[in-house]
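So this first bit is one chain, no partners, the form predicted on its own, shown in structure tokens.
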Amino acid sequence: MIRYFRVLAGSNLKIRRSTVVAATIAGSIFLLAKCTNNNKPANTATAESAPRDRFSEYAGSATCENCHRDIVEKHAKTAHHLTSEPVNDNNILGSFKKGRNEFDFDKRTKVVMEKGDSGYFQVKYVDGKATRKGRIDIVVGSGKIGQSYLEWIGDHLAQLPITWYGPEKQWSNSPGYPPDKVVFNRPITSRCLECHTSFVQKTGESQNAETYSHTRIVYAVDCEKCHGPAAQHVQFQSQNPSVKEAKFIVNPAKLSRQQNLDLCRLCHGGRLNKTKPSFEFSVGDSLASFFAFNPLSIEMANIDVHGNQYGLLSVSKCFEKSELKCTSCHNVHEKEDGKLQVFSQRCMNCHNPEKGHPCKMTAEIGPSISQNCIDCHMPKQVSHTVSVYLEGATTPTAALMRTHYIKPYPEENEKVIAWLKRKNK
């Protein structure tokens, strides 16, 4: 659920190859018709002017499972996959049992999480009287840091006032919300959805907020977010089972380093200013063609440990002096949270005596140095953008998140070295 808090907290009211070929052919036919029939009305609908139905280009990860079952099943446990889903009995976190389902704002005002025959709700009570009821329609976040909830209000999406805060395993006010006021009407923008879904069809704007289709949504950051829309791929491979080479799909491993980085940077690159509509960027594109970058975002003082992992990584020597990219360390197909030794072994792919870059503490600690490079060089730090108010608190609780600025942290190094020595006695 990496970036989910920062994106939601920042919300306010304010191709496949054959597709390109088809569009080119359609455009050519249109121009030819214009040449041969100058009396044709200029506003006559044509294939070129018809809006592109991008939703139909997606197949959905359930279709991917037919050929890639093991990968799909493993990916289903990752934070990427769990970053958005329609609510159901299995994916909603937090207690709805009496005595554990309330968040008191003051002596008079509270929000109660309630389950009824028609679904899950957050209900505002003032002096014991229900004054506002919001239905939980979509869950956002895996729960590792938190899980927030969205409500359909007509064709708008709004964030509900209460969030499940994972580290403390309790209800909190939603990130960025005031501690003394119940807020139900914060609209969700397409930029929010761009990092918490694979695709959402925007239908327009009304009342200064974007509107969306309820049904033309591909939930989760799933297969097609990183491999591109797969409907044409699925159709071709189903009709041509003997063809082993994957057609009409993108393998990110075959892209350039910068293309790979741009794919991750879309959601892990800090605040990006859109120059084109959300969901126009696709795997293999250059991010610079879709976003304008703020030079201040790469200054260390402005980079938070949450939401701009790319910014922190890009100023690290490991990044500057190698071809390191996000997937050098992260297997995005599997849940690897907390597997410090697994990540440390990936560090050792470069930091070993054979390549001339061994850890300077190897002689002191011995082989066990390979068990935990991460806490020494990428420790958890306080986020300045991810914070919530727990019930009764007058100061916010900030999340601890692992920095991607890779370097020695002397105080953390001492803690890890002491731990390793105790462990190996």
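Residue numbers run from 1 along the displayed sequence. For clarity, every value in this text was computed on a predicted model and none was experimentally measured.
What comes next is about the form predicted together with a small molecule, which does not appear here.
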Exercise. Pick from 202-210, 233-241, 115-123, 95-103: which stretch has a heavy atom within 4.5 Å of the small molecule in the predicted bound form?
Worked result: 233-241
For this session: Indicate whether the small molecule has at least one heavy atom within 4.5 Å of a heavy atom of residue 107 in the predicted bound form.
Result: no
Exercise. Closest heavy atom of residue 52 to the small molecule in the predicted bound form, within 4.5 Å or not?
Worked result: no
Problem set entry | Touches the small molecule in the predicted bound form: residue 350 (any heavy atom, 4.5 Å) | yes
Exercise. Quick one: does residue 358 come within 4.5 Å of the small molecule in the predicted bound form, counting heavy atoms only?
Worked result: yes
Exercise. Which of these residues, 287, 138, 324, 217, gets a heavy atom within 4.5 Å of the small molecule in the predicted bound form?
Worked result: 324
Problem set entry | in the predicted bound form, the one of 71, 87, 183, 130 near the small molecule [non-hydrogen atom within 4.5 angstroms] | 71
